[in-house]
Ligand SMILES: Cc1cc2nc3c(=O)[nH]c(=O)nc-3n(C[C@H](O)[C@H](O)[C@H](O)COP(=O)(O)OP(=O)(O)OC[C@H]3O[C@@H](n4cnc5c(N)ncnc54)[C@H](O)[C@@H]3O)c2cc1C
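Read the single chain below, which is given as C-alpha cells and is the form predicted on its own.
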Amino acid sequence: MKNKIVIIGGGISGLSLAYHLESMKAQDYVLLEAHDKAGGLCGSYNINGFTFDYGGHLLHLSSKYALKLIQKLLNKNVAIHKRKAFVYIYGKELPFPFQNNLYGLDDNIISECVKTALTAYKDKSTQNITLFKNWAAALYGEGICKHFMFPYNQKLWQTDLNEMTCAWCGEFIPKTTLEDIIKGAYSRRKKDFGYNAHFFYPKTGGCGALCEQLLKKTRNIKYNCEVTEINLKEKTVKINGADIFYDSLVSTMPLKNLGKITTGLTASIKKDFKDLKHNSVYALNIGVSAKTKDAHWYYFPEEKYPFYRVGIQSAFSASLTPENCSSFYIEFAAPAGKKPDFNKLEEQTLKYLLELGFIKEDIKILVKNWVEIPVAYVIYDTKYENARSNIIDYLKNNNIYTLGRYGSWEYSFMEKSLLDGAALAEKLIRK
C-alpha cells in the first residue's frame, strides 16, 4: 500500500495536519494512530462523571487564524478565562508570576530580592547570555532566583540547571522590568503578566473536545497501528507486520523515539539522537465530593512538596464534574523513565491537599487516576540545539517532516501545533 503522505500520530498536531489537508481537498494521505482513539495527550477521558485531561492543557491564542479556527471548530462550546494562578511559598499565596508579586513575603526576603535585582540591573545585560542560570540571575537578580526561579525549575526539569540554556524561556517566563519588580514588592499589582494571562477552554468535553472536532473532518485514520520501523532507503513504515510506502512521512511521535525505530541512520545522526534529553511527568487526577478553592492552578517551588503544580480542573468548567464536586490534576516530574512510588505520592499528596486547604477532612475521594507521560518536557541543554538541528535537517533530506511539541522536540503549546499543522499541509500540497 502506498500513500503520498503518511502521518504518524493522531494527537492535536497530526489531526491539525489531516484537517488542513482535507480542507485543501488533498486526500491521498493516511494517519496512523497507535491507540484505539485519537487525541493523544490533548485528549480527555471520563471516569464516573469526572472528565480529566492528561495534565493541564489550556488554549492560549495570539494569532487571528488560530482564534478563527477555534471559533469554527468549537463554535459556542468555548469560554475565555482570566488566569487565576498563584505561587505557594513560605506559607503564603502570591499571585503568579512570583518576580512581579513579591508583596506579602517577609520583609527580609523582599529586601533581598529588590536589592539583588537592582544590582543585576546595574551590572549586567541579558544579551549574549546562553545559560539559563546566568540569564535568570542577570534579569531578576540572585534573590528571586534563589527563592523561586532556581528551585522551581529544578523541580520541573529534573536536570542539572548549570547545563541548561535559556533558549526555551521566550514566552514561557513572563517578561519583567526592574520597575515591575519594585512595584510588585511594595504593593499588590493588578497588571497582567505572561502569555497565559487569559486562556480558552471548552465548556464541555474537556480539552479533548477540540481534537474531537478536528477528528470529524479527518477521514483517512487507522487505529491500533503502531509504527515499529521506518526504513529510510525503502521509504516504508511497518505496522502490524506490513509495510506502507510513502512519498512524504510526517512524524508527531517523540523525536527520540523516532530515532530508535529508524533504520539507515548515519553514525553521526545516531549520536545526535543520543544527545536528545527529556524528563517524565506523572499526573494524579482526583475527583472529590465538595467544592474547593476558586483558582485555576498553583506553583510549588519548595522541596518539601513533591508536586510542582496543582491544577483545579473543575475551575475550567463546571461540566467536568458531577454537581457540587471538584477535580484536581497534581503534577510530578522525574528524570526520564524513572517511575515514582505512586502509593507514597498519593499519601503525601492527600496530606498536603488537606493542610493547604484544597480539601477538607469530611470530603470523599471519588476518583483517583494516574496519568503517565514518559516524554514530557524536552531539555534544552548545551547539546540540544546542535543535535536537534542536525536531526531535523537530515530527516527533511529523507522526506521526513517532524511536527508538534514532541515530533519537533520543543517546548511549545497547542496553538503552535495547530498553526504548524496548517503550514505543513500547505507545504506538502505544493511539493
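Note that the coordinates shown come from a computational prediction; the quantities given were computed from them, not determined experimentally. Start at 1 and count along the sequence shown; that's the residue number.
This protein has a second form, the form predicted in complex with the ligand, left out of what is shown; the following refers to that one.
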Students should find that, of Asp180, Glu212, Glu112, Glu331, the residue having a non-hydrogen atom no more than 4.5 angstroms from the ligand in the predicted bound form is Glu331
Position in contact with the ligand when the complex is considered in the predicted bound form, options Glu93, Glu226, Asp243, Asp192, heavy atoms within 4.5 Å:
Glu226
Determine which one of 53-61, 389-397, 66-74, 358-366 lies within 4.5 Å of the ligand in the predicted bound form, judging by heavy atom distances; exactly one does.
53-61
Contact of Tyr19 with the ligand in the predicted bound form (heavy atom, 4.5 Å)
no
Looking in the predicted bound form, any heavy atom of Tyr308 within 4.5 Å of the ligand?
yes
At the 4.5 Å heavy atom threshold, is Tyr401 in contact with the ligand in the predicted bound form?
no
Glu33, heavy atom within 4.5 angstroms of the ligand in the predicted bound form:
yes
Full three-residue contact with the ligand in the predicted bound form, heavy atom 4.5 Å, for Gly10, Arg405 and Phe413:
yes
So which bits of 269-299 sit within 4.5 Å of the ligand in the predicted bound form, heavy atoms only?
Val281
